[in-house]
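In structure tokens, the next block holds one chain alone, the form predicted on its own.
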Amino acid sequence: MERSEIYEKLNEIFCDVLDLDEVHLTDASVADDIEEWDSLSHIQLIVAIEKAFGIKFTSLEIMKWNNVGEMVNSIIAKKQ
């Protein structure tokens, strides 16, 4: 799965979970960049991402993420 395909799917998930019309995620995107992305919605995002990609993250993996780029790296690693 290409990085661009992952971003397309993540943009859809973020829009759905955060009830946004559109969002443009980049490797540098963080929760502070999106007003609706708080601690509760973070959990909802993780669950939706795991379901959409058919993967599971560990708590340690999630805690290590500093931005969306690191989240995408984890998705890529699990999809290989």
Partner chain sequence: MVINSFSFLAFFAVVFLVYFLPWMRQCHTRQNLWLLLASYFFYGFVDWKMLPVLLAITMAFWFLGGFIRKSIDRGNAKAASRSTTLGVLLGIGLLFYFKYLNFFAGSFAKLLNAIGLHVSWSTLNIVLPVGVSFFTFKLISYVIEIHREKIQPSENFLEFATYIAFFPTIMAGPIDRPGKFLPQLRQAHQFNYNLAMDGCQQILWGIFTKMVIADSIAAITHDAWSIYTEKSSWYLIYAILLSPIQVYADFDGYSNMAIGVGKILGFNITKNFDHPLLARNVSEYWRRWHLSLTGWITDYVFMPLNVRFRNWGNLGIFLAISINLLVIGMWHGANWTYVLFGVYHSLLFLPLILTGKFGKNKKLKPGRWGCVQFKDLLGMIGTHLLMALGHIIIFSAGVPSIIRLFKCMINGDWSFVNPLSLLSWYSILSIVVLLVLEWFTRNKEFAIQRVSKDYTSKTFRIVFLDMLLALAIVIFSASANAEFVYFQF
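Positions refer to the first chain, counted from 1. Quantities reported herein were computed from a predicted structural model and do not represent experimental measurements.
The discussion below concerns the form predicted together with the partner chain, not included here.
Engineer: Is I49 one of the residues lying within 4.5 Å of the partner chain in the predicted complex, judged by heavy atom distances?
Structural biologist: I49: no, not in contact with the partner chain in the predicted complex.
Engineer: Should C15 be classed as touching the partner chain in the predicted complex when contacts are defined as heavy atoms within 4.5 Å?
Structural biologist: No.
Engineer: Wondering, does I62 line up within 4.5 Å of the partner chain in the predicted complex on heavy atoms?
Structural biologist: Yes.
Engineer: Would you please decide whether I43 lies within 4.5 angstroms of the partner chain in the predicted complex, comparing each non-hydrogen atom pair?
Structural biologist: Yes, I43 is a contact residue.
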